[in-house]
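First, one chain by itself in structure tokens, the form predicted alone.
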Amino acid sequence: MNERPIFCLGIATSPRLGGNTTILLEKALAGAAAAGARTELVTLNSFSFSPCLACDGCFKEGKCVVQDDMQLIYEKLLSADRIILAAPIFSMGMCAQAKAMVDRTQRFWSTKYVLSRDVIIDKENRPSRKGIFISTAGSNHKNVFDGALQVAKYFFLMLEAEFAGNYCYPQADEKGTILNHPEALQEVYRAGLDLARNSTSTDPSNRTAENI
């Protein structure tokens, strides 16, 4: 029996279409595709969903009771073998669009810690799940990525996906600036290539660039 290709999902969360994090994400997905993965890019700005309402409705069955476009995103998150989350830094944290999506993964927290169930019910029949985080910031503040990294790690934990690394680039504010840094583009391409492989070759050191 032939194994199905790895499904690698990329989530572009920036409100700015074609921005630096999206450019990096596209390169990472190109790397994943070169490794044989089936890829899909989701632009979060094209979906309409509310922030978490803290209604505790997910405590009953581990499912969000709010019927909006987040239901479509849940399906993609659950079906993916590899996930690349790309989010720029706004005010020392993830952009609001990314954070709203992460907050809506409260349903998975409820599944794991309230209902004591697995989020991925067929994990023994699927490739191991992994994810990486890509980010850019206009600032070069030494702690500019710290808050976003904690949120990203939580996001992958709730999705039962191994956090396989981060690729964060400061001083990349103006739209398209990252195109002037081919080393960053090549780095995320290699990260996508490694991520899509069945091995655990993605760098686990959680690299954050000091400068680009």
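Since the model is a prediction, treat every value here as computed from it, not as a measurement. Position 1 is the first residue in the sequence shown; the rest follow in order.
Omitted here: the form predicted in complex with a small molecule. The next part is about that form.
The closest heavy atom approach of Arg16 to the small molecule in the model of the complex falls within 4.5 Å.
Contact between Asn125 and the small molecule in the model of the complex is not found at the 4.5 Å heavy atom cutoff.
Although the partner is absent here, Asp68 lies well away from the small molecule in the model of the complex, with no heavy atom inside 4.5 Å. Put simply, Gly131 is far from the small molecule in the model of the complex: not one heavy atom of it is within 4.5 Å. Comment: 88-96 is the region of 101-109, 73-81, 115-123, 88-96 lying near the small molecule in the model of the complex, near meaning a non-hydrogen atom within 4.5 Å. Of the listed positions (Cys64, Leu44, Val144, Ala35), a single one reaches within 4.5 angstroms of the small molecule by any non-hydrogen atom in the model of the complex, namely Val144.
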